[in-house]
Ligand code: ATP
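What follows is one chain in structure tokens, specifically the form predicted on its own.
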């Protein structure tokens, strides 16, 4: 793996070094290094079972690492976990809103939990409702909201105390494309305002669109990190050729590419041949397209589903 840029520790919102977590014979996190520079959005990418959720639980002190160093906003975990947790906002993958309360009442509860001063609570709630575009639904019960509205409320709830760091665990999972685009705009706004963000996601396009850099994990450790466009150039090149055909034809194309030293990946009913700059005119006939982060992800983590 190419070395990630060295960032001074005091410029990091999150710093993990050699973090390990085992559950009996299973190693969920295996020597993970991870940096989130202050004011940047970092994507945590990996297939199922790669250790993303365990890493998020370690950062929120729901799980204690067996080895390694964990620092969040300058606080060492688990010793200073209470201070670190109070200074960050967390958007969980699973919706845990109180459906018996209204939108506003959910925010009131969290303004108390995060110790927002009494004199500032009304302004904090109004600000969050505006950010989440829910001002007109403040008196609605949570179970009356659409899935997209509930997800916006989860993000808004995490921002009630103006945290400098936000953890987003699969923030758009299960949402349709239109709602996902809406949430992308909200996340992009946070990044542009200087909020540090660590976002785990299965949507590669989401990471490519929103993240300043990504860390790709496999089997509990980082296999690549860097800005998405740099990772694409390094591992997949600028262009790819998408070849469609019978299963026999695709096997033939894979063999030809392997003989020429070119990387390939299966894309459903086709084969993508990557690294065309090294092809010396030997690339197969097919549909040319730009290489992308999904190509890199599959190359580095494998094509099999866990």
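Numbering follows the first chain given and starts at 1. Computed from a predicted structure; not experimentally measured.
What comes next is about the form predicted in complex with adenosine-5'-triphosphate (ATP), which does not appear here.
Looking at residue 255, you'd find every heavy atom of it more than 4.5 angstroms from adenosine-5'-triphosphate (ATP) in the predicted bound form. Contact between residue 60 and adenosine-5'-triphosphate (ATP) in the predicted bound form is not found at the 4.5 Å heavy atom cutoff. For residue 51, a non-hydrogen atom is located within 4.5 Å of adenosine-5'-triphosphate (ATP) in the predicted bound form, even though that partner is not displayed. At the 4.5 Å threshold, heavy atoms of residue 42 stay clear of adenosine-5'-triphosphate (ATP) in the predicted bound form, well away from it.
Shown alone, this chain has one stretch from 34-42, 262-270, 239-247, 51-59 that lies within 4.5 Å of adenosine-5'-triphosphate (ATP) in the predicted bound form by heavy atoms: 51-59. The partner is absent here; in the predicted bound form, the one residue of 76, 202, 162, 138 having a heavy atom within 4.5 Å of adenosine-5'-triphosphate (ATP) is 202. In the predicted bound form, adenosine-5'-triphosphate (ATP) lies within 4.5 angstroms of at least one heavy atom of each of the following residues of 15-48: 23, 26, 28, 47, 48, in sequence order.
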